[in-house]
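Structure 1 and structure 2 below are two forms of the same protein chain, each written out on its own as structure tokens.
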Structure 1
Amino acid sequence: MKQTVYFFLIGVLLGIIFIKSEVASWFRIYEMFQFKSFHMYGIIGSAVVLGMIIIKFLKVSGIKDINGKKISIEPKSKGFTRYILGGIIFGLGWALAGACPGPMYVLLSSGFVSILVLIAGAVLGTLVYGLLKNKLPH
């Protein structure tokens, strides 16, 4: 129960960041792919650099998580095709929708009803991938 509250609060923080940083704005995504602003690159870049330091620190220090387990991130399975093809398909959608999955949820609070269609499309896409999974090159 207590942990549920923590997860909820982490979400609240993330929701506020998505809006205040404007990464959930279609216009910022457009501007990023037009290379007209450093804003998005700065956000992703600084998050990744700090993230590397955080993960290195957690691994080296051996700090345990809240449940007393060792902190580790299981590596993604090896491969190339699925990552490049899946990535390109995702990128096409990201640029057109102007939103990736996290920001999609936050936009539910924007008052635009059409976001429901966007999310329905994303759920449908996930479903179709699940159905076609064994027929796709990975």
Structure 2
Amino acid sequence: MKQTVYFFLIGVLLGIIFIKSEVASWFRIYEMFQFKSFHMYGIIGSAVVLGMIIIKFLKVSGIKDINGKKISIEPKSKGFTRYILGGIIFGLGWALAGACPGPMYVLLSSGFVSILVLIAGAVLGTLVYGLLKNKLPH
């Protein structure tokens, strides 16, 4: 129960940050895909750099998780094609929908009920991938 409260509070904080920084804004996403604004690239770039710093810190420090287990991060398997194809499919979906998975839930909580169509599509796509995962080249 304690973990659930932590995760909920982190999710609320992240949602507030998404709204205030306009990450969930369709207009900002539209600008990004037309290369008209640096706003989203700056946010994404900052997240990548911060993620690299946090991962390095976790590997070096030997810090433990909330249950007392040492955090270990397994390296990703190499493969150029799968990451390029996955990135293209993700980017096309993002461009067509005007929202990526995280901000979709923020938009729903902000009262944009029409986003339920996109959430249903994302859940359906995830389900289809889960069913076809073993048959796809990885």
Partner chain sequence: MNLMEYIYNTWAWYVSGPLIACVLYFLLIMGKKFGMSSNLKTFCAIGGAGQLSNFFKFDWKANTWNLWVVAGIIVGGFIAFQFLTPYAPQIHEDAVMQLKEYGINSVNTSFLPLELFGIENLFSLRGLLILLISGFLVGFGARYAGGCTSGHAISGLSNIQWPSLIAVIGFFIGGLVMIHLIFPIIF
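No experiment lies behind these values; they were computed from the predicted model shown. Between two forms, the rigid core is the largest collection of C-alphas that superpose within 1.5 Å. Residue positions are counted from 1 along structure 1's sequence.
Chemist: With each form of the chain shown alone, which structure should be assigned as the form predicted in complex with its partner chain?
Modeler: Note: form predicted in complex with its partner chain is structure 1; the other is not.
Chemist: So, does N67 move by 2 Å or more at the CA between structures 1 and 2, with the core held fixed?
Modeler: Shift of 2 Å or more: no.
Chemist: Superposing on the rigid core, I want to see if G125 changes position between structures 1 and 2 - specifically a Cα shift of 2 Å or more.
Modeler: Comparing the forms between structures 1 and 2, which are aligned on their rigid core, G125 does shift its C-alpha by 2 Å or more.
Chemist: Would you look up how far the C-alpha of I88 moves between structures 1 and 2 when the rigid core is overlaid, in angstrom?
Modeler: Between its two positions, the C-alpha of I88 lies 2.3 Å apart after core fitting.
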